[in-house]
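A lone chain, given as structure tokens: the form predicted on its own.
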Amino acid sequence: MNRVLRAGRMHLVHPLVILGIPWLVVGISFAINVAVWHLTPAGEDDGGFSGGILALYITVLVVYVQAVTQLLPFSMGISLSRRTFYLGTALVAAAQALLYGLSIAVLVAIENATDGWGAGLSFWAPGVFEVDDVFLQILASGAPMLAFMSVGIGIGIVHQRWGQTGTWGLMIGTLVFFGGLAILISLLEAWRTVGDWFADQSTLALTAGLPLAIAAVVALISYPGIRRVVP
């Protein structure tokens, strides 16, 4: 366990990278959105929301890709096993996702209390991601964060195992898979069925259950890959 904690602490050696950069990026996105909502009619419609919060999730994904590609070779150089590094990274990701979920829940409460920062803006929990209960809000905001982190770790492992060829192959394969899935659904004229299925799911299932399932699947797939990474 001590070695797992040691592996986790490596990610916090430069906290401005793993914590500061994502909040800097989303802070800029937030400032731009507040300015737009105040200076334009964007906030006049009820329920108007922004997708700017996505900047935080994408930045965290990129940060975890870099964390794996930069720190995994170093950890192996100081005799930490691949398994230990993976568990330490997963531990940091889980703690960070919880912290992010809590932080976003606080910001959502402030946003609601100020009528969307005085402009009717729904930034920190747009659409279905806003729930009434504070604890469910932490889960609804933190679970997708964990899914993005898991995907970032997975991409980093692919890059370390197969290099740029593997990374591009993963990107192209993902594009082909989802593109082919969209074509299949179109051929079957099943878009309404798909839409109805999502509409029938509870908010908790969409915002927490589905992201946690994605995080678990990606973790199960990526773990065997890290065991074959070479320094």
Partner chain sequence: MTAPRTTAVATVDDVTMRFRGHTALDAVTTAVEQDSITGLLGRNGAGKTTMMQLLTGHRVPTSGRIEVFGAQPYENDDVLRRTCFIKEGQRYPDHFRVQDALGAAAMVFPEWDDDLAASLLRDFDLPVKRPVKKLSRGMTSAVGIIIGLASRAPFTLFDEPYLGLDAVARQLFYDRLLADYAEHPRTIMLSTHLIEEIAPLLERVLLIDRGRVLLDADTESLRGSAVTVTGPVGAVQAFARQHDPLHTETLAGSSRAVVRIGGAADRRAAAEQGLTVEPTSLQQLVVAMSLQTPATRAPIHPVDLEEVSS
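In this text, all values refer to a predicted model and were calculated from it rather than measured experimentally. Numbering follows the first chain given and starts at 1.
Just so you know, the form predicted together with the partner chain exists too; it's not on screen, but the next bit is about it.
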Checklist entry - in the model of the complex, does V17 have a heavy atom within 4.5 Å of the partner chain? => result yes
Item to check | Partner contact for I78 in the model of the complex: the partner chain, 4.5 angstroms, heavy atom | outcome: yes
Item to check | Contact test in the model of the complex: Q96 vs the partner chain, heavy atoms, 4.5 Å | outcome: no
Next on the checklist: Taking the partner chain as it sits in the model of the complex, is G127 near enough to touch it, meaning that at least one heavy atom pair lies within 4.5 angstroms?
Outcome noted: no
Checklist outcome for this item: Among 146 to 154, 130 to 138, 67 to 75, 117 to 125, the stretch whose residues bring a heavy atom within 4.5 Å of the partner chain in the model of the complex is 67 to 75
